[in-house]
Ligand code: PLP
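Single chain ahead, by itself, as structure tokens, in the form predicted alone.
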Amino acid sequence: MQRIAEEIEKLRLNNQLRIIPNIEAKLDGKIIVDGCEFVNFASNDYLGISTKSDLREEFLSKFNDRLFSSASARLLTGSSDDYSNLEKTVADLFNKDAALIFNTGYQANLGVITSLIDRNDVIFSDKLNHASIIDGIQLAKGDFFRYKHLDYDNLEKLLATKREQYGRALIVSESIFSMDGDLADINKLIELKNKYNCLLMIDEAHAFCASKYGLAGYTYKKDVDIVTATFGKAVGSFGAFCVSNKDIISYLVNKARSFIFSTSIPPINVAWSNWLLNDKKDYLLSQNLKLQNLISSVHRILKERNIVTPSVSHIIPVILGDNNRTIKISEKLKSLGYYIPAIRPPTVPEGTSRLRISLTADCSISDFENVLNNLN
């Protein structure tokens, strides 16, 4: 216990101690914390779906018979037509044969990677991939190599020298990276995966329904073997999924421990996700268009102000470096009515503490400009 207390104190002294915020309510584009209302620039609800009371009321008027608990894993009694219908919906969106619902994006990435990679296999992973991918890699029984972020020459060097030493090989990358908002070159990854006989896995968590390409993000060809994504961000729901060919999905049903040994997500959430992606598809697309227009305006302003950022998406990192400075500016913005929590190590590498501005369809360009005016 003494060591735990010492480590907590060390985190506090380094301004890295995390505390769960007291969030009392969420409104369209707003959040209420400790009795104060703020413009919410910290949400992953990119289309603003989760706070739309009219959508919620319409859904519940049609699906009020859905249970709030599955009470079991899918392979026992925790399944129904709602699950298979949603799996067909996302498989069709990505032009894939089949899909499998997981409880979270974390569990999806963990389940896929640990199932597919065994002893004598290998993983090649972008250095800035999400923690769920890193943990999946570390739990898998195979070897792994991390290539420099978006450096495909470095990836190819690793493939050229290491690939032939192993059986199955997996290349894994996010499409839109969660902390920098930059993009992977999917076509280059496809080229390398074909050249070196690998499987290619893309995590679409921050692109699904939020990218400029529409609901499914990039237009995926068969060359991308596996796609994972979440319903908990732009869809404003809960849960995650993997889409792939029928053999890989069947393999996951039999091998993915994070799927097999978890009580499945509530039927009410499954039905909500499927209803949004089908009956409310036009609404999602209209919200996506609002978001894309905002993104274009934001990046134009950043360019006009000569503000350099790796981002080309709705995730805008303002990298300040020092923990103390980052917290100070975050608190200043909070005093002005803007909620943008400081992101510090270990979420991001040492020396890259930042404000992660998350754009949603309910944000305004005037609020964004006011944030930029107060970054000193």
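Numbering starts at 1 and follows the sequence shown. Predicted model, so just to flag it, every value in this text is computed and none were measured.
Form predicted in complex with the ligand: not shown, discussed below.
- Only one segment in the set 79-87, 151-159, 296-304, 201-209 has residues whose heavy atoms sit within 4.5 Å of the ligand in the predicted bound form; it is 201-209.
- Contact with the ligand in the predicted bound form, defined as a heavy atom within 4.5 Å, holds for exactly one of 258, 114, 292, 104, namely 104.
- This chain lacks the partner; the member of 287, 230, 264, 269 within 4.5 angstroms of the ligand in the predicted bound form by a non-hydrogen atom is 230.
- Residue contact check for residue 281: none of its heavy atoms lie within 4.5 Å of the ligand in the predicted bound form.
- Contact between residue 174 and the ligand in the predicted bound form is found at the 4.5 Å heavy atom cutoff.
- The closest non-hydrogen atom of residue 74 lies beyond 4.5 Å of the ligand in the predicted bound form.
- The ligand is not drawn, but in the predicted bound form it has no heavy atom within 4.5 Å of residue 193.
- Contacts of stretch 30-45 with the ligand in the predicted bound form, defined by any heavy atom lying within 4.5 Å, are made by none of its residues.
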